[in-house]
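Same chain, two forms, each on its own as structure tokens: structure 1, then structure 2.
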Structure 1
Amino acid sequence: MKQTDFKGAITKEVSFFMITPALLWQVLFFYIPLTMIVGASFMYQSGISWQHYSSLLELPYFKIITRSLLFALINAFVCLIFAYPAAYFLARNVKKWKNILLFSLMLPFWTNILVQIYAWFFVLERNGLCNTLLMKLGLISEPLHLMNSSLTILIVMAYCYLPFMILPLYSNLEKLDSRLIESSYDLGANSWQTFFNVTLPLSWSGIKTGFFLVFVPSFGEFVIPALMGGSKYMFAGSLISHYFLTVHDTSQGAAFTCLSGVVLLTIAIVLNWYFSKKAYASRGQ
């Protein structure tokens, strides 16, 4: 083979070589572990059996999965409600201090997540910042019991996952063509009509990306429920960590991981269909 032909072949396949490390990473740290988990879920007394799956077909396990799905959905919606105005303000209204504000927004999340979670103890505990402030303002006469509740779990989850919603929304809204918004105003639409008929439909792709970035990891979250919920509530991630790390029942934990993963994948497919439908409809407007 001539040297020029060899260089041409290398140049032609350069994109393949560039994605090779990512493919290897995926195979080594996702597909192989996933295969091992699926295989372990069928192992029962040195044989292959559905025993672990059949033992999971009970109401308490489905309550745990339903609770995890509900919290993940609520967390994704809460993050969306708070992230959209922030992302819109940064993308459309800020010019001079945009990079500084983005840096300030991301700076707290450079710290370890355990440090962030433990910081909330000083805010929500009986003599913490929240109760002290409410008593100083005269709104309450005695400290509220804020810790170890589902509300506390949702507050801390929303705080920890908020940047995963803001960044894709910001990226989407920053690329929004300003001429479309100006045309809407020129045609007589007010601010709300422009938002609901122009801005929101064109930002469905950013909403979809941010929603999944929050929803999927929220489903498997176990650190925040364990620390802020006081182990009062069992979630899918909590039960998986219990099987693997506490009772060392690998096969049962693998079976529950696969079962909850199938439920999560099914819900994700339905949500993806809904968001794709909304994005397609917005392009047709």
Structure 2
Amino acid sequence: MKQTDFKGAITKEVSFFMITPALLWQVLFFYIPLTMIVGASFMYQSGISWQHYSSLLELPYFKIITRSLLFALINAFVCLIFAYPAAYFLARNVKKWKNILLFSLMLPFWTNILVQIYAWFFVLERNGLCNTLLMKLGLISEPLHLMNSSLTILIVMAYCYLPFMILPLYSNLEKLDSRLIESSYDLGANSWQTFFNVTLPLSWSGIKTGFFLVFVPSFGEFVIPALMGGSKYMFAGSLISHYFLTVHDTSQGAAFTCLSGVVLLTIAIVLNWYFSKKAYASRGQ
């Protein structure tokens, strides 16, 4: 008995030492840095004040955050609208070639994001594929200026984030019980009614996962605007990197980071509440 107690004590000690590295790593490089960002945002001339936040209450900053939010929301919607039918078809109707089709869906997802962005230069540049085709077809006489526009940024963002939407939708729709759809048809519903009353309500959880996987990272995106939009459009991510890497104004940058973080969190909570309500309502019916 005594021995077991002793052994138990040892394993508790050992356990503590074994889990320490991961916990230490997490605290050192995740929790402390995030706390430091929040702390730095209140530091003003070696005192504590709201100064950095009050200087952010101006129209340009408001515009930048709204633009980032808008682009992230539009991006998530565009991805959803294009990914849903494709994911539905792949999950439910495809039998042959399924593995190859899935493999080719995953490939861009595993490809370096810079390679994906770079590939679009060949399509959109002055002498790129798009202009060449349009000229050959005689639709335009002079090359269009396709780079550096907000539409370009949106297209490339949708391109980079599409797999993040398709994969959760696919795994959700694949698990959907086909007997429910069959019984809906048997009970006389047409395909639209079946879709809106059976399929869509049952896929809310997949939509939610995909939506957040696209929305949250595209809010902070700064590589795509930096490479595709030149310096024409400022986004939240670009301004953060400008503060920290170009002008080295850590506390002002920290204040802006916190402010955009709070905005993002608020929107995410509202969206989460909305999706949960939808999912709950569909279960209640």
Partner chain sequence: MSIFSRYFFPSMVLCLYLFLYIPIIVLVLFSFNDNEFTYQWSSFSLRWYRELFASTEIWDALKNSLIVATSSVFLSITMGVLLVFYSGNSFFKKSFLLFYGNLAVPEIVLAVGMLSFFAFFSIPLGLTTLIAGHTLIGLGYVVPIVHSRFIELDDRYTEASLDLGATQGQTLMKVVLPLLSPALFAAGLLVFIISLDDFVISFFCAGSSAQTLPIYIFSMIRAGASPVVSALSTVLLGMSSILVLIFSSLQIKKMDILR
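Just so we're on the same page, rigid core means the largest C-alpha set that superposes within 1.5 Å between forms. Model, not experiment: these values are computed from the prediction. Sequence positions of structure 1, starting at 1, serve as the residue numbers.
>> Of the two forms I pasted, which one is the form predicted on its own: 1 or 2?
In response: Looking at both, the form predicted on its own is number 1.
> So, does Leu129 move by 2 Å or more at the CA between the two structures, with the core held fixed?
Replying inline: No, shifts by less than 2 Å.
>> Would Glu182 count as moving between the two structures, using a Cα shift of 2 angstroms or more after superposing the core as the test?
In response: It does not, since the Glu182 C-alpha is displaced less than 2 Å between the two structures after the core fit.
>> Quick check: Phe82 between the two structures - does its CA shift reach 2 Å or more after fitting the rigid core?
In response: Shift of 2 Å or more: no.
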